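Next up: just one chain, as structure tokens, the form predicted alone.
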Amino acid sequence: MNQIFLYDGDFTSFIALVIELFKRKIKVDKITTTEYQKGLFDECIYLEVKKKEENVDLFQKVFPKSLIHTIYYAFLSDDKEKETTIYQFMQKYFIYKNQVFHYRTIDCINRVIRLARKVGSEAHKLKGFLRFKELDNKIYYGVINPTNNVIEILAKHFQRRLRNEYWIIHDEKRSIYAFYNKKEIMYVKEEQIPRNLILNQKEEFIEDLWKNYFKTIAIKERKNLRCQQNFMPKKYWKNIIEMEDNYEESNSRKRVMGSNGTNS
């Protein structure tokens, strides 16, 4: 039987579970969330960790900051095997200590480093691509659809940049909202956010003005959507004011090509 250890999806709970597994020297085949679909030869175990805070403190004492940073970023990735991979990576730390990053030929080490870099790269891009819109209630509202779960990284960044404003960052893909009230960041689900999020009339005017400016300075003959994707991936266009028209145009071309029987 495969021993599958389950947790609630929270990073703190994951770390507490891993430390507990290390303490008890328990054999682990897989670590995943409680949403896991049990297989025929799986034994799903929900291990209750009574000293959760103590385990997290131990994790912070044993592992260096650089390693914790890498583990946290890898955890935010959308990789389905990330928990097991991170667990294996942490095991390797006890063998190689601070030299662990040099052993890139070992699969779990290489994968964790790559996952962490992908998350960091996407978060960095969205710090520049995220567009806030002013609502009627003087709250700034920004929408993202990231591949990885980077909303916490972005929220901490904009807490420093927009500390004197009220703002909301909405991850549409995961239905999570980061709300900042000039004091702290709160992460809430969709049902906790008011439905009447209405754009300020002034904001609509500014958006139209910005779109016209963007079209005016563009050189039509040199327009190259494929080239633009190299600098600004198409998956972000939907939520960027000046790229909304290009996003629709690109999708229209794709649909036309598909209907003509060519590759889309």
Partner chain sequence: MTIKEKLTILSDSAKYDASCSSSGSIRKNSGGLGNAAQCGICHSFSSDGRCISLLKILMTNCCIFDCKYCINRKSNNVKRAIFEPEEICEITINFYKRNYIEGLFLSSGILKNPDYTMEKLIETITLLRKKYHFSGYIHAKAIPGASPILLKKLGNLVDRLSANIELPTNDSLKLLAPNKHENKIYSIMKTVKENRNRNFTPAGQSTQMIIGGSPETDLEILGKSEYLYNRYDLKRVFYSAYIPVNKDTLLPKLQIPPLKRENRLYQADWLLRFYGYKVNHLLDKENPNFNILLDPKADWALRHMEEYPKEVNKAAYYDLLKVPGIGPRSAKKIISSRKYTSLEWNDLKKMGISLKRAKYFLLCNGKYFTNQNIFKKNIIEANLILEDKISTTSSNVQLSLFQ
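Positions refer to the first chain, counted from 1. Please read these numbers as outputs of a predicted model, since none were measured by experiment.
Form predicted together with its partner chain: not shown, discussed below.
With its partner chain omitted here, the record of contacts in the predicted complex names 99 to 107 of 99 to 107, 168 to 176, 78 to 86, 145 to 153, defined by a heavy atom within 4.5 Å. Its partner chain in the predicted complex is approached by L130, whose closest heavy atom lies within 4.5 angstroms of it.
Using a 4.5 angstroms threshold between heavy atoms, K238 stays clear of its partner chain in the predicted complex.
Among residues of the shown chain, E221 is one whose heavy atoms approach its partner chain to within 4.5 Å in the predicted complex. Looking at L162, you'd find a heavy atom of it within 4.5 angstroms of its partner chain in the predicted complex. The single contact residue among K189, H124, K182, K92, judged by any heavy atom lying within 4.5 Å of its partner chain in the predicted complex, is H124.
Interface residue among L58, V49, V28, M232, judged by heavy atoms within 4.5 Å of its partner chain in the predicted complex: M232.
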